[in-house]
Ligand code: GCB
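Coming up is one lone chain in structure tokens, specifically the form predicted on its own.
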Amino acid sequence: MGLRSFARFLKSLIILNKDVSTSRGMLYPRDSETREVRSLDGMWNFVPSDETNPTQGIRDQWYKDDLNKVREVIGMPVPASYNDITTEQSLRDHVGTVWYDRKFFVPRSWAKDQRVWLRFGSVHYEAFVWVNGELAVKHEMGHLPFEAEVTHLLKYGSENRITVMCDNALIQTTVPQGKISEVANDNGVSIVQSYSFDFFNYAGIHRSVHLYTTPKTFIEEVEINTDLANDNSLGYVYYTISVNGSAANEADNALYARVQLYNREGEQVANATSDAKLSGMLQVEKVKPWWPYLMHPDPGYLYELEIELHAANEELLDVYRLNVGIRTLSWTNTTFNINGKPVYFRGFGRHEDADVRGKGLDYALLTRDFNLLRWIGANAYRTSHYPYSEESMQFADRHGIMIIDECPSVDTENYNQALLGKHKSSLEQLIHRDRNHPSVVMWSIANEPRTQQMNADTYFQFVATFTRSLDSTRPITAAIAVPSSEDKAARYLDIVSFNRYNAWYSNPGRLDMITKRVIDEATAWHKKCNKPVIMSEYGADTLEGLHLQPSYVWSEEYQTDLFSRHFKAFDALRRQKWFIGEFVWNFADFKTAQTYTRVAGNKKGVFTRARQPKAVAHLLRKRYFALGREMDQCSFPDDLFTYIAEPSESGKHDSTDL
């Protein structure tokens, strides 16, 4: 290596902690006295680009006219992943760009004294959006929302066209990472997307698309923090409001906000008028704190916060409402507490994944999933391995399900400056979006990063420090898969989470090699870091309906035995106090890239992909409710135990003996 080449090599190893741009706006679209929301969900026109010519549509300006004038279009539902909608293999495995468009009307009334915004809940991975042939917005980072003002681009009282180009290509500087290569096939060359993460790279317009109006001067940001006092009988809600104004006579006015808090019955329990900085505090007597599921008879209690923005002459400018859960979080080197009470996490890793719709938002599926979470007695899940829909966060708020909120950094490696910038940007967008959700109790900054590699120490120090600068009220974790002796990142976390597949990827079939190994590894993490420890993934692939006795890999009996051996380790660790949670991998079976190690996807689910329980779900349900009763004094569901026989008086037992 020459001197210049060596100098370039050294320069590539240096990572600097540069600033990233920050998000603005992005409040969830809600109707009010001053706002109107319209959905653009439904059937859109769709065209895939040629894989070998992904930029043709840009060069030929497909966005200047209807797509059906440049290519034959097909119907494509929004929201949904496009991959599994048709019967075409080429579309399922498509790499590169695809195009959507649709027509819509804007009423004439929207042209008067207001602004109009176009908002996407998620487009994976990169999106370019045109309105009536003019570029409105571009955004990189799947699974996160973006928006743009389109007031000046619309035709009021007539028809408009929206065009979207979506690019699913992942490279070494995207989050998550991937590689694109050209591989010879029988007819020439194929463009191949490869990635190391173990879930299918679904793409498309995954979440809802909305048009919404605001006044010319409007509430752009709301940031909420809460606290409890007097043995949780007194609550505090701290609010900060940011305003965006386009009308000089309004923006220059002295503005103030009237803030009112309502309980579940619609009764006002607190009110205040903000100071000139549009911030302040509400005090709530006899407060009802937000509690996780099974930690309280009434979990997930939410208040409604109503914000009225006024000009100095008392003119009402804007109204926005959002739900607020009042709770506190705290943590030490051995515990995690909510409202002053220690928490033991019992939950899942999950995926936004379902047959046909892929990662597309589906309220029926979302409702089913939360019913299953409550049925099985879980109190938490991790949004593995990307931000989930805003609607799912709202469900978690209402159901009292705690969320470890994870950014899209999965299997991260080859640390470099460009990757660091996008990693930090993904966290900034995530925290900006989810900071007001009481269900969000922890930030996860990565899943299974290669933290033994060069530069991992500096890289994750920068990422963790940046995350704390955005929100210091929640602890930081990451799901680490490398051994504790090799890891360079856990020292920067508040809570250490580790993934390990004993008797599956390690020593498959050896159920006698689980319990001690789990205890030893968790102990090693705590000894090294002196922090609380969670086992964030364990499990085994299981083909539903496969029964083998004695148990054998892939059978339902094997999954049940493997879980039981883990339970024994967890109970031994719980006595050490610093072990604070167990997360199954996975909630439900999900699709992956094609490989001979996967039978139609990853089968580690406790539930099938159709959301039906495997045998292990009933075992796990008994454990989660038993833990709930031991720690939080919850009651058992009536159907938890199946009647077997009436015992004799001399040896009478009941469910309390379990």
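Computed from a predicted model, the values in this text were never measured in an experiment. The first residue of the shown sequence is 1; numbering continues from there.
Not on display, but discussed next: the form predicted in complex with this ligand.
| query | Hey, in the model of the complex, does His385 get a heavy atom within 4.5 angstroms of this ligand? | reply | Residue-level check for His385: yes, a contact with this ligand.
| query | Can any non-hydrogen atom of Arg38 be found within 4.5 angstroms of this ligand in the model of the complex? | reply | Arg38 lies outside the contact set for this ligand.
| query | With the partner left out of view, is Ser389 within 4.5 angstroms of this ligand in the model of the complex by any non-hydrogen atom? | reply | Contact check for Ser389: no, nothing within 4.5 Å of this ligand in the model of the complex.
| query | Should Phe567 be classed as touching this ligand in the model of the complex when contacts are defined as heavy atoms within 4.5 Å? | reply | No, Phe567 is distant from the partner.
| query | Pick from Glu556, Glu147, Glu537, Asp397: which has a non-hydrogen atom within 4.5 Å of this ligand in the model of the complex? | reply | Flagged contact: Glu537.
| message | Can you pick out, from Phe105, Tyr236, Trp375, Tyr505, the residue that has a heavy atom within 4.5 Å of this ligand in the model of the complex? | response | Flagged contact: Tyr505.
| message | Looking at heavy atoms inside 4.5 Å, which stretch does this ligand contact in the model of the complex, given the options 24-32, 628-636, 596-604, 609-617? | response | Careful reading of the contacts points to 596-604.
| field | Sequence-ordered list of residues in 78-107 near this ligand in the model of the complex, where near means a heavy atom within 4.5 Å | value | The stretch 78-107, when checked against this ligand in the model of the complex, contributes no residue at the 4.5 Å heavy-atom cut-off.
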